[in-house]
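Structure 1 and structure 2 below are the same protein chain in two forms, each given by itself as structure tokens.
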Structure 1
Amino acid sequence: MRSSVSRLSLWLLLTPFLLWIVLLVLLPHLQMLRVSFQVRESWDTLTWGLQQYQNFFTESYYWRTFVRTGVMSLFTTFLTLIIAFPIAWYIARLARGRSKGILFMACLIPFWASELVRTYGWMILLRESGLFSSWLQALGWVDGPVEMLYNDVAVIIGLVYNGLLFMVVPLVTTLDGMDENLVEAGYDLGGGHGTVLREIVVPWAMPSIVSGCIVVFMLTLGSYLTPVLMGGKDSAWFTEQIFTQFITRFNWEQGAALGVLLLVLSSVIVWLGLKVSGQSLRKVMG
């Protein structure tokens, strides 16, 4: 009787999660995959084929934007890690008492606002009449207003800012649990800062590093608002192509194919990252 009640309780707890996965993840992706193989011969006639995928490989703008988005996302993820690691180290290992909570809260507060608000905030700072341009003019470093928006640098700044918290949190959690004696032993055995970091700290934090990189990479690769609002005509992002096919051209078949290709790209890169780092998805995700 008790085991039956326990199983029922388990299923009741799992039901919302299973419904979420099936209804909002699995079924939409299967439907998108099905639509991607449809070929519209007329407004009311559909056949099956690979036309949408052929269009991707024959149209250079599609696959160039595809490759560019992947490379930029990888670079943004790496840059986010480089910035987040010392922040996480300071919060986890050096900050004491209330300052640790205050610093962690400082990382969290910007995410109380939506991505749109955060992006517009950076646009206000980087625009021609923004704060940074005014500072440069006040210091005498430039003669007139400087437009810092609508380029790849602005896009990367926005993407790094939006992904920073998702890299800091797992790093802080892991580094906070590291035994201080391990670091001290490394120094006692003659290791320098670089050796201790490479041989002790990074291996200890590797699961959280990979976890943070996966989350930031997926968010960056699938970002739409930041590249569109902060990027220029030469800063095309693949999600913009998907939006154009679905919303502007009403070409759902081509949009579905591009969406499937983006999903394949993200899955392949995450798989390669796990292989290179020697981690498993179960270990990384806890």
Structure 2
Amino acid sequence: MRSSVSRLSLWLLLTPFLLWIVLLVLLPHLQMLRVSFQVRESWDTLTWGLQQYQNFFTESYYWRTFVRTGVMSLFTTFLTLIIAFPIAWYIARLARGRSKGILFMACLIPFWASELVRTYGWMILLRESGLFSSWLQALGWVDGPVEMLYNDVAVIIGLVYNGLLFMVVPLVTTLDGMDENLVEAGYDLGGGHGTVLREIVVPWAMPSIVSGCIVVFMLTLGSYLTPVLMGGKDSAWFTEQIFTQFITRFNWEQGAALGVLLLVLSSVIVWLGLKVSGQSLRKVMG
């Protein structure tokens, strides 16, 4: 009797979970995969084929953007980590009492605004008629308006800004839980700043470094607003192409293929990241 009750409760709890995962995650993605292999011969005839994938490789515009998006996302992730680590260290280990809480809250502030608002803020600052341009002119450093928007640097500034929160928070949490004696023991046994950082602090923070990097990378790779609004003519982002296929060209087959490729790219890079750092998805995200 005991086992039948627990079996019933297991199924009661398992059902919503399975509905969610199967109906919203698994089936849609399988269908997307299927559609990506369908070739439209006329308006109502479909055959199987690799046409969309061939398009991707033959059309240099596609794969160039693809590679560019991947590389820039990796670079952004790395930059975010480098910028966030000293901040997280300060909040977790050097700040005390009230200032600690206040600084931590301050890091969360950008999250109170959506990506759109944040990007908009940067546009007001960077564009030709923007604040930086006006200030530079007022200071007399430049003669005319300067356009700082619509280039890759602007895109990266915006992307790093979007990702910082997701890097700082896990880092602060882990570094805060580190026993200070570990670091003291490191120095006590003759280690220098570099050794202690490399051999004690970074290994300790590794799970949060990896989880921060995964989240930031995913956000960057999948971001749409920032590259579209802040990027220039030559700085296309891969998500834009997916968007174009679906929304403006109604070419679902091609869009699905590009979607599958983006998914493969993100999965491979996340998997590689986990392998190289020796972490597991469960440990890092759960």
Partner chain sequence: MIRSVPRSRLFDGLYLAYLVAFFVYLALPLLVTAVFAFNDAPFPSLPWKGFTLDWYFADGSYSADGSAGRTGLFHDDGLLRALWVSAKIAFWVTLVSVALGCVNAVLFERLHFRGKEFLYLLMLLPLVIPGVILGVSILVFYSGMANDISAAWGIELDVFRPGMTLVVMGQVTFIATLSTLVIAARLRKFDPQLEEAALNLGATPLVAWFTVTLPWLLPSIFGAAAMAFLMSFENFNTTVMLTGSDTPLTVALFNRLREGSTPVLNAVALLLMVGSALLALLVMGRSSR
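Quick note, the numbers are simply positions in structure 1, starting from 1. Keep in mind it's a predicted model, so treat the numbers as computed, not measured. Whichever C-alpha set is largest while still superposing within 1.5 Å between the two forms counts as the rigid core.
The second of the two structures is the form predicted in complex with its partner chain. Taking the rigid core as fixed, one finds a CA shift for Asp179 smaller than 2 Å between structures 1 and 2. In this overlay on the rigid core, Val264 has a C-alpha that sits less than 2 Å away from its partner position between structures 1 and 2. Core-superposed comparison between structures 1 and 2: CA of Ala138 displaced by 2 Å or more.
Here the two forms are laid over each other by their core, and the C-alpha of Leu24 is off by 2.9 Å between structures 1 and 2.
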